[in-house]
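What follows is a single chain, given as structure tokens, in the form predicted on its own.
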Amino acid sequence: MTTLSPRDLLAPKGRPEPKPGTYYIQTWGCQMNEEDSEQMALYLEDLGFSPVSSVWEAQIVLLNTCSVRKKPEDKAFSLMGELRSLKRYNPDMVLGVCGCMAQTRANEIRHRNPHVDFVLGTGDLALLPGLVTESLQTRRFRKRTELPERKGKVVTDIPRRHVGRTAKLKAFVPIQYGCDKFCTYCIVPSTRGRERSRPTVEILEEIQKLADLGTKEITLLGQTVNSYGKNLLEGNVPFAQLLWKISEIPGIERIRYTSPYPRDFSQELVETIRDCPAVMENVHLPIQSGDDEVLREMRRVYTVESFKEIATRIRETVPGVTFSTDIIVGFPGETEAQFESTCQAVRDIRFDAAFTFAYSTRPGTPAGDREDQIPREEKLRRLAHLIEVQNDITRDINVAYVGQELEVLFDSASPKWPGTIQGYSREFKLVQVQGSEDRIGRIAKVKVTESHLWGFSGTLV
């Protein structure tokens, strides 16, 4: 979603007037946060509110925050401060802070920003309508940050889900919440709680409703999606079987998922990718580091060699499969030699794409409390070098696609090139072609004519 600048907020001329019964949601972070924002929007629309494109027009403003790295937290605090002037201009506005920062830093948010009306953590978005209604009536600060419990294998308080009433070509569907891995750099167990899976029947019912509205592609969300079902007492369906069940829903033509955990990647799942036509031949498999000692310090329970074995097993079983990954550089204590091991692992494995990050200190995590933090300048140097390594690999891989035919689901017009439409192949490669917008929402074969770092140009077959 659009990030506001101070000029957007403070410029006194030409700004629209606030409109009763409207809302604006600003989102940072992952697909799970994007899906949470969509749920918030549906709750607000049930109350009779309508979306607007400008924060100046909105009666309800929600900030859905992210705590995975420091940068989005800084952006959120900055925007909270800037919205103080908007509150003075529009005292009837309700300002709510939601998401991961609300879960872990609610008291600080309130102390630094007394104009915030409420904070709502990740545990139960169903409280949002009540908080909004109460804030409109009483203007008393409210905080709701309780996380659902999980005692042993007993799962409680799975969030109630809304399904929209308008058609969407692609949709995110969470299948689990929270995480049990407790990686030393990660704050997710604190912000989203212990791992808990949604009942299979609820997932299938939601996807059926989406298919009835015209959704063709589903992306299943979870911190470690391939451990789905392990804490369900009844109807325990392994992740691979869940994929098969979803593929049987009429109208669902494509299934994606993110993110699986390397150690939990079963042979059944590998064969499902190969044998189930609706499951796409693309795997996002986070490696995080290419050095065994760093992986142990991160509490990632695999080695570089075992990760390579998993990738090799998938490649040997699924022809044409593509891989993307996540990598953190500058983890506390990481030496230059360990960083070079990561670069070498990237060269050996040859990911199609990598989401690379400089380590961000997260207070309250084991890694965040270490004294051997890497200087910021050094982390950024390593990050820039790793990006160069990966970009060279991506360009080299993409060149080999020239002349091949790819199956593409067109989802939008190109934002840069008039008369051009774009979409993603089964392998999650972005493809652009000259074509009319009436093809959007349809699958077609495209012959690749030119490769780029970002994807391909091609012609319709």
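Because the structure is a prediction, the values reported are computed rather than measured. Numbering starts at 1 and runs along the sequence shown.
If you look for the form predicted together with a small molecule, you will not find it shown, but the lines that follow are about it.
- Using a 4.5 angstroms threshold between heavy atoms, Thr200 stays clear of the small molecule in the model of the complex.
- Using a 4.5 angstroms limit between non-hydrogen atoms, Arg69 touches the small molecule in the model of the complex.
- The small molecule is not drawn, but in the model of the complex it has a heavy atom within 4.5 Å of Phe357.
- Contact check for Ile328: a heavy atom falls within 4.5 Å of the small molecule in the model of the complex.
- Here is the short version: of Phe239, Tyr185, Phe307, Phe339, the single residue with a heavy atom within 4.5 Å of the small molecule in the model of the complex is Tyr185.
- Interface residue among Gln288, Gln390, Ser227, Ser324 relative to the small molecule in the model of the complex, by the heavy atom within 4.5 Å criterion: Gln288.
- Residue heavy atoms within 4.5 Å of the small molecule in the model of the complex occur in exactly one stretch of 427-435, 400-408, 61-69, 39-47, and that stretch is 61-69.
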